[in-house]
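As a starting point, one isolated chain is supplied in structure tokens, in the form predicted on its own.
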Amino acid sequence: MTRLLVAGALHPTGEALLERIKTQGVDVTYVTDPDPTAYLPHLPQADALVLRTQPLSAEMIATAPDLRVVSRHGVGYDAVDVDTLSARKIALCIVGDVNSVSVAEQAMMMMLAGAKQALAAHYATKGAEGFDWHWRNLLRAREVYEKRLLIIGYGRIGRRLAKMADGFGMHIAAYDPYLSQSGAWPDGPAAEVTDLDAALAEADFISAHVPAAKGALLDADAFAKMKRGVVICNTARGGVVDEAALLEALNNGTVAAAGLDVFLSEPPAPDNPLFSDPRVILSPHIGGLSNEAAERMACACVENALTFLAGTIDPALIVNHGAIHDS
């Protein structure tokens, strides 16, 4: 009997799927406790693990002698020790294209909110401290029409965003060295750029859609290359944008507005200085957590675990496919 451990609450449709597979001979342990270690007592018995945001370290993996597959509820795996999984020939799966629409919409919303100074306008309408109705006469709101958008990272989400921005009449460029090196730039509205510094200097809007890496991609040096009044959006990973450098760029006028869905530390500290800036739109890492995307992710991550064990999974959904199959 397959022993499936699900760590973290799923969308109700995913829960219904768990109930169905129980009737098909799958032993399901469903741990909804949000504590990041709540699932660990059950890990030694698991053949397959569905993992939401909890960490999975080498020490944790060592307690699971029968584990064959880890299926992420999403596409990121920053908190998972991939090297240890690969050394044990345990597959790591992701859900594929289930949340690109949701994240791209979040980015588009944040760019529009930044352009229109939505938060400041909200405060002005209410007459909040430091604001009044006459704020409107400062003409802080801007249009996105015919402005230049730079998308950094032109994968599924970046391409979705490009189509949305094209509908608003923006001029779109994308920077993605991996795609450029492949020689197979996809069709679509975004022009390929290979000089990031030059692209930063021309952009009116910049939206990041890249994986986390060592060091910030948009750091103080990058902000120094940007034109005055740029709008920044990060729905990718915390740390892609240097938060201290962003604050400085807001204060010196380089950045007119910013939208952040992700943070280096999550949840961010309550005294984060970006919280008090009305030019900054914030959200709690919900870009990929629309109701529709959560439903798709819940089903896909469970199905990935089971189809891997059955030998029928799409190989493109396995992150460490080469390590698993010695290829």
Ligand code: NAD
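Think of the rigid core as the biggest set of C-alphas that the two forms share within 1.5 Å after superposition. Numbering starts at 1 and follows the sequence shown. The structure displayed is predicted, hence computed values, not measured ones.
The form predicted in complex with the named molecule is left out here; the points below concern that form.
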### Query
Is there a heavy atom of Ile286 lying 4.5 Å or less from a heavy atom of the named molecule in the model of the complex?
yes
### Message
Residue-level contact is defined here as any heavy atom of the residue lying within 4.5 Å of the named molecule in the model of the complex; does His209 satisfy this criterion?
### Response
yes
### Query
Quick one: does Phe205 come within 4.5 Å of the named molecule in the model of the complex, counting heavy atoms only?
no
### Message
in the model of the complex, does Lys147 come within 4.5 Å of the named molecule, counting heavy atoms only?
### Response
no
#### Entry: Of Val95, Ala91, Ile152, Met108, the one that lies within 4.5 Å of the named molecule in the model of the complex (heavy atoms)
Ile152
### Message
Which residue, Ile157, Ala165, Val231, Val241, is the contact with the named molecule in the model of the complex, using a 4.5 Å heavy atom cutoff?
### Response
Ile157
#### Entry: Contact test, all of Thr29, Tyr77 and Ile318, partner the named molecule in the model of the complex, heavy atom 4.5 Å
no
### Task
Report the stretch among 120-128, 243-251, 170-178, 136-144 that approaches the named molecule in the model of the complex to within 4.5 Å, counting heavy atoms only.
170-178
## Note on the structure
Taking the named molecule in the model of the complex and a 4.5 Å non-hydrogen atom cutoff, the residues of 222-241 making contact are Thr235, Ala236, Arg237
### Task
For Gly76, decide whether the Cα shift between this form and the one not shown is 2 Å or greater, given a superposition on the rigid core.
yes
